[in-house]
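Only one chain comes next, encoded as structure tokens, the form predicted alone.
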Amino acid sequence: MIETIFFEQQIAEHPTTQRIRSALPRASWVPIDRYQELFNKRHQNFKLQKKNPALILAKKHDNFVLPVPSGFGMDSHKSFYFSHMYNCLYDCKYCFLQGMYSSANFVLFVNYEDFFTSISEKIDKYNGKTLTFFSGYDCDSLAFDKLSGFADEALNFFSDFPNTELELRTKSIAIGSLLQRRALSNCIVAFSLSPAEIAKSLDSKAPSISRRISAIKQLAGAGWKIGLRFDPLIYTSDWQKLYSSLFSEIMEGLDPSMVHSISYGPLRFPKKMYKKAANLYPDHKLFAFPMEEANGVISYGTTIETQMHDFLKSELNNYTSENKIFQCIT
């Protein structure tokens, strides 16, 4: 439960702000000038804040839509991402957000309409090209949705552009707003997944894998296209057995035609980000494994990455066509 909400005074009367105020009447509401005065403050304790984060409501002024990093998304598409929110309800040990931001507080940009205006401009600019817009790069697309109402507004917008794809990346099972409406053929609900044993150790606060798989099958049954995202791949002594069992559990009873795409990617950290994450969880076995450094990037190294790549590609070919499978490296 969010106890404190900071809000920029310029968006105090915005409909999204007012809706959240109605939903959280018992929270302490504190006016501020700009969100950066809190969020960008140095020497904040990320781990301590994560136990009871505040919500910051703000207005975004620029950089609404950005090109995806190299290696993210399918090469055949022109791809962009947008972030209506910074930070995530979950506390996954490998998440790059813990090394990116000084603060664990949530920032929600309430001016969704400006994001959609910027997306419209991209669609006009690249008229005739296949475009994909990713939501969930700096946050989870659905985890906060019961409060933000973002997904419903995004789907309303993208329903007018049937040739442009929207991907909602998530670990959440908050799929009620999707099930209450007709599925959009140009929307992919993409779930991040790991074997249950690994997720139990690393995906703190996130729904269990079994509940995520249940959500996947509910959505697919209702006509929603599904993305399966195995990113990052986590190496353990029995990783082959764990991932093989996971694929089998997901695909059992799932109509393969509802799987839009499957991606997988290696565990990699920029050196500075790795050190910050390791300092947050110095006793976790994820950071005890002997990693390798190359060109400022910390990873398992080429040998392990190649083994995992070859195995994943071979296993996934048993469930879908090869053109739906791609490796994601950022």
Partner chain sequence: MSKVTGVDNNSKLQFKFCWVIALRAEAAPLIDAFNMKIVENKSLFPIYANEETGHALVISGMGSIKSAAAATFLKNHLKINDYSAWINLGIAGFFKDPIGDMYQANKVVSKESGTAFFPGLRLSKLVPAAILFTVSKPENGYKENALYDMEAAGFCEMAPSFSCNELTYVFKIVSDTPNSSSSLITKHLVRELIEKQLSKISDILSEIEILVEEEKKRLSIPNEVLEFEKRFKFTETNKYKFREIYRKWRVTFPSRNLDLAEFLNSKPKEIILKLEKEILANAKNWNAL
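Residue numbers count along the first chain shown, from 1. Please read all numbers here as calculations on a predicted model, not as lab measurements.
Only in words, not in the display: the form predicted together with the partner chain, which the text now covers.
Colleague: State the residue from Asn52, Thr303, Ser70, Asn40 whose non-hydrogen atoms include one within 4.5 Å of the partner chain in the predicted complex.
Modeller: Of Asn52, Thr303, Ser70, Asn40, the residue with a heavy atom within 4.5 Å of the partner chain in the predicted complex is Asn52.
Colleague: Counting heavy atoms only and using a 4.5 Å cut-off, do Phe6, Ser237 and Leu280 all touch the partner chain in the predicted complex?
Modeller: Checked in the predicted complex: all three residues contact the partner chain.
Colleague: If you check in the predicted complex, is Tyr274 within 4.5 Å of the partner chain, heavy atoms only?
Modeller: Yes, Tyr274 is a contact residue.
Colleague: Within a 4.5 Å heavy atom cut-off, is Glu197 in contact with the partner chain in the predicted complex?
Modeller: Flag for Glu197 set to yes.
Colleague: Quick check on Ser299: any heavy atom within 4.5 Å of the partner chain in the predicted complex?
Modeller: Residue-level check for Ser299: no, no contact with the partner chain.
Colleague: Taking heavy atoms only, is Asn45 within 4.5 angstroms of the partner chain in the predicted complex?
Modeller: Yes, Asn45 sits close enough to the partner chain in the predicted complex that at least one of its heavy atoms falls within 4.5 Å.
Colleague: In terms of non-hydrogen atoms within 4.5 angstroms, which of the given stretches 143 to 151, 197 to 205, 173 to 181, 117 to 125 touches the partner chain in the predicted complex?
Modeller: This holds for exactly one stretch, 197 to 205.
Colleague: For the stretch 292 to 318, I need every residue with any heavy atom inside 4.5 Å of the partner chain in the predicted complex, listed N to C.
Modeller: The stretch does not touch the partner at all.
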